[in-house]
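Form predicted alone, single chain, as structure tokens, below.
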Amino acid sequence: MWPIYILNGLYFAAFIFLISLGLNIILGVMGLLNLAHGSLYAIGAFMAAWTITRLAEGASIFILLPALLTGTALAALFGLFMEYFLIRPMYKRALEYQLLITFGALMLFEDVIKMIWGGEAIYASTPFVLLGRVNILGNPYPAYFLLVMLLALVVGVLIWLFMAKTRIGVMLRAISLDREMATAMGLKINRLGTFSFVLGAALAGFSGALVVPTTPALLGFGMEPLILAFIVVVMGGLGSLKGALIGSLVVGQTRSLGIAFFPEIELAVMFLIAAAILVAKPEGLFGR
């Protein structure tokens, strides 16, 4: 069963990588710890689940495409609303005010989710069922898990290319490295901050939309991924794409093996690993 445990760890790492990547972009560019990031993940999941349930009858695997698009777009729209109306007035305030407003947004979005989709779980397993299973070393394994890993890899590569090769990506990196110098050079900090926040929200929504065929969308859906994303950011280092990837792999494999061998202390083990990394390297594995 070891190959299955490793594959499960890669599956966990895939969607944790996407949500932590969005959190890392927001934290790196804006210096903002977004406590509502998990709610954006949940919004993407609920929207995707609703879309799948509406299109499920006689559907093919391509039903996943509109689910991913609607989940990502709605999370990005909520992110735009949050940044423009809630966070932007807090830019010149102390960090405590920013944390408070994002925590308030978390509470607000949970109520919005309940108001729109109700308090009951939404099951949307159609894409998972349609893809079926493949045989891996004599063990049946869900093909959908492999698709999630592939899509996470593709998105990760696209984000890396965007940040490394495009003009906007270079400007975002410049802000994350030296905000004062970037401002002095004439970069439009507010616009780029809005863009980075919406991009991070879209990644959270995409991650939620991607995972919902394997688990029902329900209230409080975003809290556990948010905690795991924080652990990944701490492990990997602020603003590091490589750190988000390595941290996600560590968390994913620890969770997979923890569920199999020590489920009672699985989360505690992840916190211990993060603490050990912080003691040895306070800025994270690849932080600067």
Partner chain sequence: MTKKEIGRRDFLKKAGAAGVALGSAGIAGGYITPRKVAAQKRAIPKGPIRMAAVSFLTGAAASPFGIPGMNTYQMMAEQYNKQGGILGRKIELLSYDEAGGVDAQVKLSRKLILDDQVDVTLGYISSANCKAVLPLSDELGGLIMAYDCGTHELMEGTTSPYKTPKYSLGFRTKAHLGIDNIGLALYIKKYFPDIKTMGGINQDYAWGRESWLIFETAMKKLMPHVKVVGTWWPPLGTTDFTAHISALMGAKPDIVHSSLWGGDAVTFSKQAQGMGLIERSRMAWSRGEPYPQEVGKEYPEEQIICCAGTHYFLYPPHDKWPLNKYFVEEYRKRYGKYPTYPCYHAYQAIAVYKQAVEKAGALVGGWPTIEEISKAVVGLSIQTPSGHLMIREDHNGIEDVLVGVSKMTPDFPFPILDPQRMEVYPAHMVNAPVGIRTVDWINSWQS
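Since the structure is predicted, the reported quantities are computational estimates derived from the model, not experimental observations. Numbering follows the first chain given and starts at 1.
Below, we turn to the form predicted in complex with its partner chain, even though it does not appear here.
Only one listed stretch (165 to 173, 197 to 205, 116 to 124, 73 to 81) carries heavy atoms within 4.5 Å of its partner chain in the predicted bound form, and that stretch is 116 to 124. The closest non-hydrogen atom of I4 lies within 4.5 Å of its partner chain in the predicted bound form. Its partner chain in the predicted bound form comes within 4.5 Å of no heavy atom belonging to G186. Contact between Y141 and its partner chain in the predicted bound form is found at the 4.5 Å heavy atom cutoff.
Mapping the unseen interface onto this chain, S240 falls outside it, with no heavy atom inside 4.5 Å of its partner chain in the predicted bound form. Listed residues V155, L218, M149, L130 were compared with its partner chain in the predicted bound form; L218 is the one with a heavy atom within 4.5 Å. Residues of 248 to 268 lying near its partner chain in the predicted bound form, listed in sequence order, are R255, S256, I259, A260, P263, E264, the criterion being any heavy atom within 4.5 Å.
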